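Before any questions on binding or motion, here is one chain by itself as structure tokens, the form predicted alone.
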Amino acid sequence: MFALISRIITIMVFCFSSLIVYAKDIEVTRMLNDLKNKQSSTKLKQHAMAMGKQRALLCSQCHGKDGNSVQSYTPNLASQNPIYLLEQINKFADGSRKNYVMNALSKNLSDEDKVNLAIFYANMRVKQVKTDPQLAAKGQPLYASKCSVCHGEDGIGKANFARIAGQQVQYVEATLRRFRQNANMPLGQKAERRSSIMEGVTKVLSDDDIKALAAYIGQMH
């Protein structure tokens, strides 16, 4: 009898979990469709950008009024791919990507807020970062062999891959080191951010490689 009850509870928990995942998938699909519709209409995009700009006041202290970071260790959001931005906001909101400030802020955003923010930042122009030209030259072949497949030869990425061209150098360095550190952890272990692809790439990079890559990425137009 106990075994039967235990089995029923297990099935119920599984079904409930599946319903939550299904509902989340529907919500994400709805946001992606909203993003696509607003991006394809000049009037809707302008309205979304205006609303996103208002919401971005909460973010400007770190990411700047136009998405160009005021801190070298905080990422630029200007010109970022909107689908990628939306995905990251959702990850912060559900806690699958860890950052105390971003987790708290994202939880208070409506689905419309998230879409409008993604559109606003995507349509801001990122400013080129000044870097050491000699160090950047060393990073170019590394970028071509390690990063260009996902992020593109020009660094602008694609839908679910980040634009990294013009990104803050200190932020890139810190992110690459964090992925390299995570490469030595089991994938199931908790960390601020996990990516099997990035961990596979960074685990063979030296500190000098990381500095060179960050310098090259920062100066990309």
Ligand code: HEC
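In this text, residue numbers run from 1 along the sequence as written. Quick caveat, the model's predicted, so the values are computed rather than measured.
One more form of this protein, predicted in complex with heme C (HEC), exists but is not displayed; see below.
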*Contacting member of 72, 99, 140, 128, with respect to heme C (HEC) in the predicted complex [4.5 Å, heavy atom]*: 99
*Run the contact test on 151, 167 and 172 with a 4.5 Å heavy atom cut-off to heme C (HEC) in the predicted complex and return yes or no.*
yes
*Just to confirm, residue 123 within 4.5 Å of heme C (HEC) in the predicted complex by heavy atoms?*
no
*Indicate whether residue 176 is a 4.5 Å heavy atom neighbour of heme C (HEC) in the predicted complex.*
yes
*Using the partner position in the predicted complex, report whether residue 87 sits within 4.5 Å of heme C (HEC), counting heavy atoms only.*
yes
*residue 147 near heme C (HEC) in the predicted complex, any heavy atom under 4.5 Å?*
yes
*Within 4.5 Å of heme C (HEC) in the predicted complex, which residues of 197 to 217 have a heavy atom? Give them in sequence order, or say none.*
197, 198, 201, 205, 213, 217
